[in-house]
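Next up: just one chain, as structure tokens, the form predicted alone.
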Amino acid sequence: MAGSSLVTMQNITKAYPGVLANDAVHFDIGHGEIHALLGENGAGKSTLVKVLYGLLQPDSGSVTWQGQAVKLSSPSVARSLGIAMVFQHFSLFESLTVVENIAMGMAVPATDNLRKRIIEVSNRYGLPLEPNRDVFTLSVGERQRIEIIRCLLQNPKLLIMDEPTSVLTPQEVQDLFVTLKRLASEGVSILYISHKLDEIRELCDAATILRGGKNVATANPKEESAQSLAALMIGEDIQPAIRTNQVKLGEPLLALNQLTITSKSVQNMSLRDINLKVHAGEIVGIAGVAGNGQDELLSAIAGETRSSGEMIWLKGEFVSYWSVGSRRQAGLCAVPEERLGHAAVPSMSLSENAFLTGFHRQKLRTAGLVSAGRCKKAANAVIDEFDVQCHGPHSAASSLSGGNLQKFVVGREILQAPDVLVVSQPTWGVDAGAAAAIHKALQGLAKNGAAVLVISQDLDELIAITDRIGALCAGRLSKLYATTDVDAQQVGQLMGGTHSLEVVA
């Protein structure tokens, strides 16, 4: 049903101090069209979408909506026209019910009529929701349904979706695609932003590619390969990481023995009887839908949460009572999922953030005092090695795009040459070129004898780079399998709670 233009953005230009985010960008979406917006980190996608949703005002350019010039001065103006957006990070109150969250988002009372409409619309589009359920009891996929249903209740003409599948199982992704295709068949236009290029090829009718803030190409994704789309985004061919067969694994460098941690909060997941060994020279992957214990597992291994008993072993030593710093000095580095506030301090410079974790393993102090020169050198090494787009080591962490900050925090830990690296969501929000670079760096660590544990919701990533794979569900770890023996659908079953699979060797 894709047809004439629903919205046209012409010559959109938006500059920040020292950065031209959008440079005379032209963008057009047809009625009933599923249109992808592609580009590497820092290409200008987020800025363009914020202009379209009224969160930012362009320095110049115009927007035409259904043939009429409009000024998108705020999100409320955009919503009044029929523009709705599902953000990558949900804005839900976990202590409230589904209907209460939707009512707050729509600024209407949580009435019985609203409950009936939620049930009707959610069932119609195959996204069933129980209005009276507390949000903290829902899976991440169910929480995403709340955001989508809230948008659909407003009868949108354009639905913007930012990285919508980053926290979903393969089965949930297919369910979402069915819903989006039905919406498009009913005339709703969809702007789809994702770094998962195989999804773009399966779902989208057209794609606009940005590079350096400019239009560089348009394409029909169904006529492209994932590699050709990535080349359009980056400007050169990308060689993805390829799993190599390990000759012989070394000794276990990280071991968990019946690791059990009982959470005192209903919003955190307890870990139960987790057994795991990661050997020198291998990459082990742990899949799972967010909220099933991934953060708690990394926290326990890194030492942020202490365990009792002889549950955690590092290089043959019992370390359950060791501090984070002691574990780092002994060779264990970690990258948490949350970039700002956990992996990096927003207001601090990259040099200062390099010191925060690096001083345990790098000589960043002189006579007990912080060496600004050494910290700058360490930050510059990460910036150069991982192509972090910034204004140098004095840039505040908060000034970087999400993808570039991710490259910095992952690179910061890798360049400390740990014996054990635990990393959560290593390529979340980064472009195809950066993801390939990070994957190769992780493989390089393993090749040099490190033990690498990757916790990720991206099954394509795990299947591409790991030697063994399992899944966390409700705080329990499934059996681990050789990655060559399973496919994404089988790992999806493990993510859904299946503890073991029938695998033919």
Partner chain sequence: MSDPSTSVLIALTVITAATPLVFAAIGELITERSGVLNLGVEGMMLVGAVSSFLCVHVYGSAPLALLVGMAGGMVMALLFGFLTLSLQASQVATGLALTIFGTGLSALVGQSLIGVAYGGLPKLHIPVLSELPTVGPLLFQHDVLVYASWLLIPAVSIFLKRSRAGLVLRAVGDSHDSAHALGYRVIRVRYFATLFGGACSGLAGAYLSMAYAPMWVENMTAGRGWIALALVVFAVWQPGWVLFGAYLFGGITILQLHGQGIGINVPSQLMSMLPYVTTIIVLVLISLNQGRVRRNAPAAIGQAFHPTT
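C-alpha atoms forming the largest set that superposes within 1.5 Å between two forms make up the rigid core. The shown structure was predicted, so the numbers you read here are calculated from the model rather than taken from an experiment. Residue numbers count along the first chain shown, from 1.
There is also a form predicted together with its partner chain; it is not shown, and the following applies to it.
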{"item": "Partner-proximal stretch of 60-68, 459-467, 435-443, 45-53 relative to its partner chain in the predicted bound form, 4.5 angstroms, heavy atom", "value": "45-53"}
{"item": "Non-hydrogen atom within 4.5 Å of its partner chain in the predicted bound form for each of P75, F87 and V108", "value": "yes"}
{"item": "S95 within 4.5 Å of its partner chain in the predicted bound form, heavy atoms", "value": "yes"}
{"item": "Close approach of F136 to its partner chain in the predicted bound form, 4.5 Å, heavy atom", "value": "yes"}
{"item": "E100: touches its partner chain in the predicted bound form, heavy atom cutoff 4.5 angstroms", "value": "yes"}
{"item": "Contact label in the predicted bound form: R79 to its partner chain, heavy atom within 4.5 Å", "value": "yes"}
{"item": "Position in contact with its partner chain when the complex is considered in the predicted bound form, options H195, R150, R328, R412, heavy atoms within 4.5 Å", "value": "R150"}
{"item": "Interface residue in the predicted bound form among M348, V216, M104, V324, criterion: non-hydrogen atom within 4.5 angstroms of its partner chain", "value": "M104"}
{"item": "Exceeds or equals 2 Å, Cα of T97 between the shown form and the other one, core fit", "value": "yes"}
{"item": "Large Cα shift (2 Å or above) at K222 between the shown form and the other one, core-fitted", "value": "no"}
{"item": "Post core alignment: N132 C-alpha displaced by 2 Å or more between the shown form and the other one", "value": "yes"}
